[in-house]
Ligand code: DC
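One chain comes next, on its own, written as structure tokens: the form predicted on its own.
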């Protein structure tokens, strides 16, 4: 399938574990578009703070870290690179994810990273995150909001952990962490997680990834955005 317009922008939002990253990659591959995972930017900020023992809720300190780190970072469709080395797998760690939700609640940090995301999106892309359809790409050609039950989202996150992490974390632990993260993401003052009014909601609790992808592609076809 190919896009019918140049610079096609597709926004995918949703809570942690809803499958937005997986579906963004699959949809982008189906359309031949780059996929830009904005969550990795906040994970990068959190990772740099953790590396330097900087408090992730100290806005001024986080901005200082990013001022030095961003010029050494490259954000490509395949992930985030630091000093030309792929650090994407490190950024996917559970500890980094928990810290990232705190970093993402800092208004000045979000403003700093917003311009980076919007400039990259101009080429056309599938972009996923928590405020893409509402803040980053409010004029996206199509917006999706993925969700799933809390238990199912925790199960998916548990499956992403390596064997050692699974021994250290129970499913109940992940449910508690995800509940706390949902609360932080939806209650934060600046750019909270919320569904755009014109977003198409897909509950993937009982759906396979190929079923979700098929539904997304059919939406694009009906709207004349791809063939």
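Everything numeric in this text was worked out from a predicted model, so none of it was measured. Residue numbers count along the first chain shown, from 1.
Just so you know, the form predicted together with the ligand exists too; it's not on screen, but the next bit is about it.
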Notebook entry, point to check: So which stretch, 118 to 126, 142 to 150, 94 to 102, 81 to 89, is the one near the ligand in the model of the complex (non-hydrogen atoms, 4.5 Å)?
Noted result: 94 to 102
Margin query: I'd like to know if residue 42 sits close to the ligand in the model of the complex, meaning any non-hydrogen atom pair within 4.5 angstroms.
Written below: yes
Item checked: Non-hydrogen atom within 4.5 Å of the ligand in the model of the complex for each of 38, 132 and 181 -> yes
Margin query: Could you pull out the residues of 139 to 156 that have any heavy atom within 4.5 Å of the ligand in the model of the complex?
Written below: none
